[in-house]
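So this first bit is one chain, no partners, the form predicted alone, shown in structure tokens.
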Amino acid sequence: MKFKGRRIVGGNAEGELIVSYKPLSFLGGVDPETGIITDAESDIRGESIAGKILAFPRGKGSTVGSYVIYALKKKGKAPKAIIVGEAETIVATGAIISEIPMVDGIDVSKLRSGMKVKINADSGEVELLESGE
């Protein structure tokens, strides 16, 4: 199964999905030292995004969230790629300065944590490789 979205930051990635069905704030919501979600309201609180493909509907919160994404990348704790339903400026800027492939326009409600996906962000495509758990 393939999903077609829009390129925000080009590149390719393949790996396991971690999916949040709630908007995500990087400032105060993700520990930049560990990549663990700390937001008390998050449905993936306590889980690590490091080395996974992160999917969520949209970002929320402060513009400093862009720099949290950058800090995650510098510390080796960033996601391999980002899939969002709606790219807003904070997350898009963070992905751009961190060179993390990012696609938007994907209905994340159709994705599940544990699925294996391949992303071609240049063409905006997300391909489901394995259904996961």
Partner chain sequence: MYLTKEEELALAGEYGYALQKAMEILVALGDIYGAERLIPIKSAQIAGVSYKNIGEAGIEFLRDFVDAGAKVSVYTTLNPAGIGDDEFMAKQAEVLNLYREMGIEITSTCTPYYGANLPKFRDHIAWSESSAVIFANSIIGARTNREGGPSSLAAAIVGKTPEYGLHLDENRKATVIVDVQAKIKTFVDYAVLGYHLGRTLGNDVPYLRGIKPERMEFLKEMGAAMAASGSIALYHLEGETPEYGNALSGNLETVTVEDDDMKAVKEQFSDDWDRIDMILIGCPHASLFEVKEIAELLRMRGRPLKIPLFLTASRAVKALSDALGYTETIERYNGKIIADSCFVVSPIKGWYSGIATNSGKSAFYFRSFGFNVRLDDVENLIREAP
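All figures in this text were calculated on a predicted structure; none of them were measured in a lab. Residue numbers count along the first chain shown, from 1.
The same protein has a further form, the form predicted together with its partner chain, not shown here; the description that follows concerns it.
Of the listed positions (I37, I83, A78, V68), a single one reaches within 4.5 angstroms of its partner chain by any non-hydrogen atom in the model of the complex, namely V68. Residue-level contacts in the model of the complex: of I44, I106, A50, A87, one residue has a heavy atom within 4.5 Å of its partner chain, and it is A87. A residue is said to contact a partner when one of its heavy atoms sits within 4.5 Å of a partner heavy atom; L128 fails this definition for its partner chain in the model of the complex, lying far away. E99 belongs to the set of residues with a heavy atom inside 4.5 Å of its partner chain in the model of the complex. Among heavy atoms of R6, some come within 4.5 Å of its partner chain in the model of the complex.
In this stretch, 17 to 48, the one residue having a heavy atom within 4.5 Å of its partner chain in the model of the complex is L27; the partner itself is omitted from this view.
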